[in-house]
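One chain is shown next in structure tokens, namely the form predicted alone.
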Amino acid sequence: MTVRAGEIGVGFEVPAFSRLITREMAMAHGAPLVNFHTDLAAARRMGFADLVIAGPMFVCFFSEMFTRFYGERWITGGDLDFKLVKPVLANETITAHAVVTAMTPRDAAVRVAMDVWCQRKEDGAKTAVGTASVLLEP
């Protein structure tokens, strides 16, 4: 199914995407370097209880959420800009969220702008915040 701009509007919440981040996932995204993303002793020396999740993992969360909802339109016309605001550790569950903030006509399409964020399940803290957009058919 392909989502069309006419099926959503400002305030629409893209279906959220959640995943438990395992140590193995954390190490795969931080490899081949040995640091607080891949080495538990290094993370603990820096004061963390577990491995710290690397930034590229958040790109995966947002992209998975948007690909599930927007499909190929995300892959061919999506844009993402975010910053990390709190660390996430291995064995925490993260949920990616997005809400539509604007819909702007562009030629024969509509640019859908969104606010995006990730939250930890354990305490609800926002861990990444930013914006995204995708180009949809009307």
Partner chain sequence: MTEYADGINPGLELDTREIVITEDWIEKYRRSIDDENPWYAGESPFGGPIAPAAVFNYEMEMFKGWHPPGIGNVLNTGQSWEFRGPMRPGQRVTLKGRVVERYLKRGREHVAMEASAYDEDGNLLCRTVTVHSWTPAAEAS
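Residue numbers count along the first chain shown, from 1. These figures come from a predicted structure and were not determined experimentally.
Although not depicted, the form predicted in complex with its partner chain is the subject of the following passage.
Although the partner is absent here, residue 105 is not a contact residue: none of its heavy atoms lies within 4.5 angstroms of its partner chain in the predicted complex. Although the partner is absent here, residue 67 is a contact residue: one of its heavy atoms lies within 4.5 angstroms of its partner chain in the predicted complex. Heavy atoms of residue 28 reach within 4.5 Å of its partner chain in the predicted complex, making it an interface residue. Contact annotation: residue 44 falls outside 4.5 Å of its partner chain in the predicted complex, judged by heavy atom distances. For the options 100, 40, 110, 80, the residue carrying a heavy atom within 4.5 angstroms of its partner chain in the predicted complex is 80. For the marked spot (4, 12 and 114), a heavy atom within 4.5 Å of its partner chain in the predicted complex is absent from each of the three residues. Residues 54, 55, 56, 57, 59, 60, 61, 63, 64, 67, 68, 71, 72, 74 are the ones in 54-74 with at least one heavy atom within 4.5 Å of its partner chain in the predicted complex, listed in sequence order.
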